[in-house]
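One chain is shown next in structure tokens, namely the form predicted alone.
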Amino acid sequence: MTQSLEVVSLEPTPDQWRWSFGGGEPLLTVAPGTVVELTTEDCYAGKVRGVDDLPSVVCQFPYLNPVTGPIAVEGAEPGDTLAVHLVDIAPARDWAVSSTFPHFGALTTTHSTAMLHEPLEELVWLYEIDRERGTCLFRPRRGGPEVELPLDPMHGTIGVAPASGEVFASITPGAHGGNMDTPEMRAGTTAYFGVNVPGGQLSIGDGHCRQGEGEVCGTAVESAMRTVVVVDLVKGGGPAWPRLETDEFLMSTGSVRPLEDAYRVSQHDLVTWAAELTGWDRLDALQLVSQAGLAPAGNVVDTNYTMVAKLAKRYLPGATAADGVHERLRATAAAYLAQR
């Protein structure tokens, strides 16, 4: 690496995994612009390794969804914007797992959706991961054709410490980020988080080889990951809810219940953001987003649901988000990948 490119590694041991956002001391402190190579374990903490490993038997509840971190960023203060660019997300193993949980998911009875019918049966699916070909193989448990799916690695859980000294379980999404489970959180994306505590305290986990929108059964193709991020800092301008930027899109998130309020939060934030970036009146921004916006679901299974509001940047003439940090971090990522 060149001297101007600061690269550090973070590979926590199991006793260093965290199970919450907030309340923990940082494992690592970095300067803005640092490239961080890190590892994450899957949501089962690596204990589900085959179809006979039922999570209810091999996992220790509530110790699910471990995250790597926190990572403190020098100079980050409440009200600032922490920018996290996902450079690379790669499965760490040649297998991954998914499962149904009896009381977890969008199509079963849960503790907050009480039904008289029996909960879903607990089953585990083992996926073969071919990293060279970029595929994962779905094998049905009870007969029928196998299906080869393309890899689309992402992180379901990423965020910062919450405000007001609060601590949230890592399975919970909210204004701090957390377990949003949006497939948009893939390599090439820059995520923006409002800083709530000194250092920001970034944590990342819950790697998915791929996931459908909504994560309807409650789990994705879950995998340990080797991930590279660039972290940076924009003074001021901290968003109320996590925002995302890619080369083509701007996105806002909302993570609450019920689902329609998560939709409203994300759409409100995107309309407000579009108005700020263009100088449009808020109702003009509302009209444009209404006609050109997209609304992919993140999750409809967690303690809060997540919706994403998405708008192509080509519809925002002259707009530059977060002082152009996405373009700068893309350049840093390209320099890192060229020299790796």
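Predicted model only: the values in this text are computed from it and were never measured. In case it trips you up, residue 1 is the first one in the sequence shown, and so on.
Keep in mind that the form predicted in complex with a further copy of the same chain is not shown, yet the notes after this line are about it.
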{"property": "Contact residue in the predicted bound form, chosen from 94, 74, 248, 118 - any heavy atom within 4.5 Å of a further copy of the same chain", "result": "118"}
{"property": "Residue among 51, 295, 58, 28 with a heavy atom within 4.5 Å of a further copy of the same chain in the predicted bound form", "result": "295"}
{"property": "Interface stretch in the predicted bound form with a further copy of the same chain - options 223-231, 190-198, 78-86, 252-260, non-hydrogen atom within 4.5 Å", "result": "252-260"}
{"property": "Exercise: residue 235 in contact with a further copy of the same chain in the predicted bound form, heavy atom 4.5 Å", "result": "no"}
{"property": "Heavy atom of residue 133 within 4.5 Å of a further copy of the same chain in the predicted bound form", "result": "no"}
{"property": "a further copy of the same chain contact in the predicted bound form: residue 203, any heavy atom under 4.5 Å", "result": "no"}
{"property": "4.5 angstroms heavy atom contact with a further copy of the same chain in the predicted bound form for residue 317", "result": "yes"}
{"property": "a further copy of the same chain in the predicted bound form - contacting residues of 92-119, heavy atom within 4.5 Å", "result": "98, 99, 100, 106, 107, 108, 109, 111, 112, 113, 114, 115, 116, 117, 118, 119"}
